[in-house]
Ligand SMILES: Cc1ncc(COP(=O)(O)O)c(C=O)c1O
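As structure tokens, one chain now follows by itself in the form predicted alone.
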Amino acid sequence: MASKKPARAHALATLLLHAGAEAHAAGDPVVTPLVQSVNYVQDPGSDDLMYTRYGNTPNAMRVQKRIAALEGAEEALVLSSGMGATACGLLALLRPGDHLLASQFLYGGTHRLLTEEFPQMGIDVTLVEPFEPRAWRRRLRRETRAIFIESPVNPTCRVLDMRGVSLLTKELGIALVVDSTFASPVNFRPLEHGADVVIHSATKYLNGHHDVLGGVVCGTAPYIDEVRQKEIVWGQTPDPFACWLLERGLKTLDVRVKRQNESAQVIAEWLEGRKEVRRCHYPGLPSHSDHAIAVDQLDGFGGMLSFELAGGARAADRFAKRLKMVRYAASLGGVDSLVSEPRFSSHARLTSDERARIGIPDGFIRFSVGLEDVNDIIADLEQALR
């Protein structure tokens, strides 16, 4: 099920603006028109049905071609949320009786899907400590059909080494599925490192403006057709306006992410020197556990970082209330800087001890770096820490 990697005709920054566009002529609009229609006229007796829930209408098709080009995939499919993309993407691979291996370092919603929902469907899931030597191979079964990883990891910013995992999946002929939301195609393209399927929450960096809910699955054409059947049945297709906004956001992805990479590095280095901060987690820091892997595999270290306050939960409460410009809100990857606490959001269903075991102790702050001037961001963090 390995994806073919077409040669790129243009650089990523150019693809973000022009991939999937039709040849233009005088009088054509520069901006893609929004076609806000659910149904389309057919020839009588034809089964060539264009219908919004099928994901084959103009705004969806255009943005799907663009994202496929960014990831180097044969095809891509846009869904109505990141969780919808994860669920439909995995259900296109798995059947009752199958076994899935997954990293134990997962977004909270994905953790719930795999550990609570999938077992009810007859799909067995084993969570693996991905940094344990030979961990994946030791937990394989005859029924194992896929390995699922998230890298960089939400919210701890750990970076998994895909080399060994992809060699194993190729040896066994099983699928390697990677949630690459934190990286975006600007910083990391998993298909180039041996993955078979790429998943994004398009709500985050791909849109980048905090105004669209969406998800994306990328892979081979036959596989994407399987995902599309799940999307149709489960009603996970976005409306045309969401697709139009997503295409609009993609146009600035390259400049946004590169700016966020630069600012996050400066902020992480500053945080690392603060006495109020017990530890800062950012792949661009030499002190980060996976810095060498990040240097080897990523084109940029990302706009996400996290840090642990020395005073624990009480210090986090004080810090959050003192912020003035940086906002306390869920989600990430947009133009506005946001902080959140996983204990109240993505990992709220876990106990304090369970969170601590996966590297999220009380006092843990997740920070999504926006496009504000980096000195203004630091000034706000400083006055909130004091």
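When you see a residue number, it is the position in the sequence shown, counting from 1. This one's a predicted model, so the numbers in the text were calculated from it and none came from an experiment.
Omitted here: the form predicted in complex with the ligand. The next part is about that form.
Q: Tell me whether L16, V63 and T252, taken together, all sit within 4.5 Å of the ligand in the model of the complex, counting heavy atoms only.
A: Checking in the model of the complex: none of L16, V63 and T252 is within 4.5 Å of the ligand.
Q: Whether K204 contacts the ligand in the model of the complex should be assessed with a 4.5 Å heavy atom distance threshold; does it?
A: K204: yes, in contact with the ligand in the model of the complex.
Q: Residue-level contact is defined here as any heavy atom of the residue lying within 4.5 Å of the ligand in the model of the complex; does P190 satisfy this criterion?
A: Output for P190 is no: heavy atoms all beyond 4.5 Å of the ligand.
Q: Answer yes if any heavy atom of E150 is within 4.5 Å of a heavy atom of the ligand in the model of the complex; otherwise answer no.
A: Within the cut-off, so yes.
Q: Any of the heavy atoms of L213 lying within 4.5 Å of the ligand in the model of the complex?
A: L213: yes, in contact with the ligand in the model of the complex.
Q: If contact means any heavy atom within 4.5 Å, which of 244 to 252, 277 to 285, 127 to 135, 80 to 88 contacts the ligand in the model of the complex?
A: The contacting stretch here is 80 to 88.
Q: To verify the annotation, which of these, S306, N154, Q260, S184, has a non-hydrogen atom within 4.5 Å of the ligand in the model of the complex?
A: Answer to the contact question: N154.
Q: State the residue from D179, E71, E231, D196 whose non-hydrogen atoms include one within 4.5 Å of the ligand in the model of the complex.
A: Exactly one residue meets the criterion: D179.
Q: Scan 332 to 346 and note down the residues that get a heavy atom within 4.5 Å of the ligand in the model of the complex; none is a fine answer too.
A: The one in contact is L332.
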